[in-house]
Ligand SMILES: Cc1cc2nc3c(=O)[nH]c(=O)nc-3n(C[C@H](O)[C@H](O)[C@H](O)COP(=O)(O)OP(=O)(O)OC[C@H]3O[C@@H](n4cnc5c(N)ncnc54)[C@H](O)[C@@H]3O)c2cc1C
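The chain that follows stands alone, in the form predicted alone, written as structure tokens.
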Amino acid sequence: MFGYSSSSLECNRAVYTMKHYDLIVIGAGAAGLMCAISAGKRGKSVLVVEHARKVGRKILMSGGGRCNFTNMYTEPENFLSRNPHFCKSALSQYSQWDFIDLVNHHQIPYHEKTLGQLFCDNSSKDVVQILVKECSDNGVSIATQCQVSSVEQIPTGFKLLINDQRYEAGAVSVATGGLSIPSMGPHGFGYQLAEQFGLDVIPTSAALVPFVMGERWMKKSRELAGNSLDVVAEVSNTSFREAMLFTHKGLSGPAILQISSYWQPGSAVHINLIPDVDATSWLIEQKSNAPKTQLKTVLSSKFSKRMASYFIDSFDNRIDSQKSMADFTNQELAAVGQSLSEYTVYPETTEGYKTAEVTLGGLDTNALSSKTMMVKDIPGLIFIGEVVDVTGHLGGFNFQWAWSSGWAAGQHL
């Protein structure tokens, strides 16, 4: 059997004498490990195979090394899919409160950062250790550095070629993730398997990803790199209020990452730079209260001086920032207010899968049972986690989808 070292989070490579399992899980990430635990608790024989040397690598690197493992406010509305109802069953079978109970059971300290986002106090490694211990306690075997060459359906289930050795399983759970963070290793295997079995795959794209702006825009804004402010970013009537960050390539920060999942190439992103106030009314009030003050100075009460100058220069109608407020007509101030409330940018592209948190699109959910995560027409073939066309918002929702879809799959073998 494979031995587990809690200090290195690795499993030693060896040869199993056991060649048949109730379930073989391909991928030792969040969804795969949870699926294995769920099935193991029901007395199923389970083998998890992972191509990398360590398990849970995306968990380890998430949340700045502290893993935003769930969100207290998880609801179906926090997920994107061509079938927005698909996620409801899994989320109801295993909710955020269930995973929080698991964390509490293992006495892992954690805290709420913002907006219901829960992070480990110490390290993301705590979450991986929970999952591996649960696997061990429930008889689940984990094997790393495993190359799955083929998966074929046979009368008794499935035949898999793993490291040039044949294994059989009554069920196979595909938990191979998406295309995000390609440096973590080979991607796309789950989509290839889906297509091999005649299943549709919704076109994929990078999600929760920074924007790259054009050179003309960057020429004016590059000196703002590192500056952030609270905004409301909107695309196609979907909006998020969080921080926006100027970068050396364009725009990032939680508000931008969130809205990137809804953005289409060539379309605009509308940004309210001062979401707490009616910009026009506020400017007219400032004109009355401080008529001799320059517009630039007034705006510096909301932004840094450098940022105030940048926004003034970026308005469609060039404005003399040195003019005193009394010298502006109310109509002119209304135009300034509109520019602040509807600051519009046209991203050139995104940074792509290299820095994307997750993948948008994936296996068409029409092929799956929302209750069991099993392919309707192929008993025993399961797809869970990021490989499926369910993508969460930023803030722990994608991990919760992994926990929920994995648990649901393990409960219905």
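The model shown is predicted, which means the values in this text are computed figures rather than measured ones. A residue's number is simply how far along the shown sequence it sits, counting from 1.
We do not show the form predicted in complex with the ligand, though everything after this point is about it.
J.: Which pick from Tyr343, Tyr110, Phe158, Phe189 sits with a heavy atom within 4.5 Å of the ligand in the predicted bound form?
T.: Spelling it out, the residue with a heavy atom inside the cut-off is Phe189.
J.: Among the candidate residues Ala175, Cys87, Ala233, Leu257, which is the single one with a non-hydrogen atom no more than 4.5 Å from the ligand in the predicted bound form?
T.: The residue in contact is Ala175.
J.: Please tell me whether any heavy atom belonging to Val49 falls inside 4.5 Å of a heavy atom of the ligand, as the geometry stands in the predicted bound form.
T.: Close contact exists here: in the predicted bound form, Val49 approaches the ligand to within 4.5 Å, heavy atoms only.
J.: Just checking whether Gly27 would be counted as a contact of the ligand in the predicted bound form - the rule being heavy atoms within 4.5 angstroms.
T.: Yes, Gly27 is a contact residue.
J.: Would you classify Thr365 as touching the ligand in the predicted bound form, given a 4.5 Å non-hydrogen atom cut-off?
T.: The answer is no: Thr365 has no heavy atom within 4.5 Å of the ligand.
J.: How about Ser221: is it within 4.5 Å of the ligand in the predicted bound form, going by heavy atoms?
T.: No, Ser221 sits far enough from the ligand in the predicted bound form that none of its heavy atoms falls within 4.5 Å.
J.: Of these, 277 to 285, 299 to 307, 146 to 154, 126 to 134, which stretch puts a heavy atom within 4.5 angstroms of the ligand in the predicted bound form?
T.: In short, 146 to 154.
J.: Which residues within 332 to 359 place at least one heavy atom within 4.5 Å of the ligand in the predicted bound form?
T.: The stretch 332 to 359, when checked against the ligand in the predicted bound form, contributes Ala356, Glu357, Val358 at the 4.5 Å heavy-atom cut-off.
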